[in-house]
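The same protein chain appears twice below, in two forms, each given on its own as structure tokens and labelled structure 1 and structure 2.
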Structure 1
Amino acid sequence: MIQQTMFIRKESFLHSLDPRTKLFLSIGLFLVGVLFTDYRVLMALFAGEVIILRVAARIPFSKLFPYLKLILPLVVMALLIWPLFQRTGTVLVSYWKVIITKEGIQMGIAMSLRLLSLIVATYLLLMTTEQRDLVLALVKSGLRYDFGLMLAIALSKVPALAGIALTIMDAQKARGLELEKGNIVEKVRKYIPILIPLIISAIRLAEALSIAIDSRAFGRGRRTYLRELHFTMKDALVTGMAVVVISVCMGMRAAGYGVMELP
């Protein structure tokens, strides 16, 4: 079954925050992750995010892990590739043309932790915020409503389109199409009989959707939002704290802290 949303319904501090606050928080954490290159700082950041998720959102690591697995190949790649290219510094292993340095390993760890913390920063938002609140937050922060609606519809139609894609694949397989066989070029060509009907179906769906949306009085003028956003004291506090932390981080970074010295 296709999961349509990462949202996990819980009664928690983070869930109760205004989606705009969470959006800001998420961007802030993202920024911190990009600022520093020291593996210790990034490790602290990653650990901090996982703790926030556990304590403030009551989402255990086990729920996060399946989503982390998705980027695991990238993380492992960062971990392996950085040491190979960082050839100066304290040499640990030197064999034939391969030189592995302490700095290289540290850099590998740092970059994989950076990837992890950036992704968890976005997950923090997606796992604690319903998609409609997210879209509403964007609209209330100045995004045009029709763009917000477009985003919301795109998100809601993912499972339907995935379902159509699976049906098309089955129909073409029943006509003898073997997707697994052949080299890369042949494999890509084999997706043409799947992509064409999928694109046509998507266009048809979009045409019908536009009629349905028009028929439901879209574009009448001032609209009500059934869902209200409440920016409370709590949100002000969290946002304030986030501003302070981000400023401090930027100051420290400007002063040269938290950066890995490479020889």
Structure 2
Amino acid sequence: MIQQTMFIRKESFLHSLDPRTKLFLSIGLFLVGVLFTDYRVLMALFAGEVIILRVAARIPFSKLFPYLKLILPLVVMALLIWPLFQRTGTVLVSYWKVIITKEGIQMGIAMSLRLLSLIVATYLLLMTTEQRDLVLALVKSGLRYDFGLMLAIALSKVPALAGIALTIMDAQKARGLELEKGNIVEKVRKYIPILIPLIISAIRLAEALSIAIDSRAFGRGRRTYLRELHFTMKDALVTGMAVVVISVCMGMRAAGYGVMELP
């Protein structure tokens, strides 16, 4: 089932924070994941993010796992391919031109955990913040309103188009279209009866959207907002703690901690 949003409605500490606070927190976790290359630090970061989602947002791992499955092929690819490029260090396997070292395996684990931690840092924001609040937070932070509108449309309409595509595919399969059979050229040709109705649906959707925007006098007069964001003491506390943690991590990185030393 295609959902238009990853947001999960809960009564939790993280859900109650200002969207700007959660945006800063997500960016901070993303930055920490980029700073370090030691697999032990990245494993602790990934575990910490999952704990934050479970404790502070009350989102169980069962809700997170379906979204992690989407990137598992990339994680496995990084885990398998990276050791092939790190050829120096303690050799574990040497066959023909293939050399696998202990350091290469550790680096592969580190890069896989880094990818997971960066993705979960993004999910932490998307699963605890409604789309309208996220766009409003970006606009209040200085993003032009028309850019914010484009972002809101992309977040809502792209999953809608994916749902339309699935509906068209089911309809064509009911008419006898076999998408799974044939070689690659035949499979590409079979997607033409799906692509054409999808393009027509997208054009109709764009026309209806443009009429709706024009009817609401978009771009005329001073912009007002139905919802207002409020930065509370709780947000200040979380932001301050995030600044301290990020500063400590940057200091550790500058001192050489959390970096895997390669021979």
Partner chain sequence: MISVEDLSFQYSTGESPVLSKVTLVVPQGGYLALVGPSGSGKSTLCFTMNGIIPHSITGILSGNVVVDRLNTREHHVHELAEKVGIVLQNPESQLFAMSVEEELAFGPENLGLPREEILARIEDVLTIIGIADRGRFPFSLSGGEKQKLAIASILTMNPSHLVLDEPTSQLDPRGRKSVYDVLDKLHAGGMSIILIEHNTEHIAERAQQVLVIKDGSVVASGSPRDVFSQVETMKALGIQVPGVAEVTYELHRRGIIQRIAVTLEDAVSLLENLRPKEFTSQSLKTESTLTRVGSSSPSSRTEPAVEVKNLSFQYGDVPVLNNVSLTIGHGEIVAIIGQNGSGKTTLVKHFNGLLRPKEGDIFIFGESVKDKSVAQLARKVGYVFQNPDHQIFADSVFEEVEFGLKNLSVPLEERAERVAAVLKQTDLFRYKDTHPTSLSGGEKQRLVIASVLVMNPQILVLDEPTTGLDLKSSRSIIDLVRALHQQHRTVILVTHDMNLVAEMAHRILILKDGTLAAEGSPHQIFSDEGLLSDNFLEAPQIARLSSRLGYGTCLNIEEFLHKLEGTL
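Each form is matched to the other, and the largest set of C-alpha atoms that superpose within 1.5 Å is called the rigid core. Numbering runs along the sequence of structure 1, starting at 1. Quick caveat, the model's predicted, so the values are computed rather than measured.
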{"query": "Which of the two shown is the form predicted in complex with the partner chain", "finding": "1"}
{"query": "Residue 176 C-alpha moves between structures 1 and 2 by 2 Å or more, core aligned", "finding": "yes"}
{"query": "Core-superposed C-alpha of residue 80 shifting 2 Å or more between structures 1 and 2", "finding": "no"}
{"query": "Yes/no, residue 219 Cα shift of 2 Å or more between structures 1 and 2 with rigid core fixed", "finding": "yes"}
{"query": "Rigid-core-fitted C-alpha displacement of residue 209 between structures 1 and 2 (angstrom)", "finding": "2.5"}
{"query": "Per-residue CA shift, residue 165 (Å; core superposed between structures 1 and 2)", "finding": "4.1"}
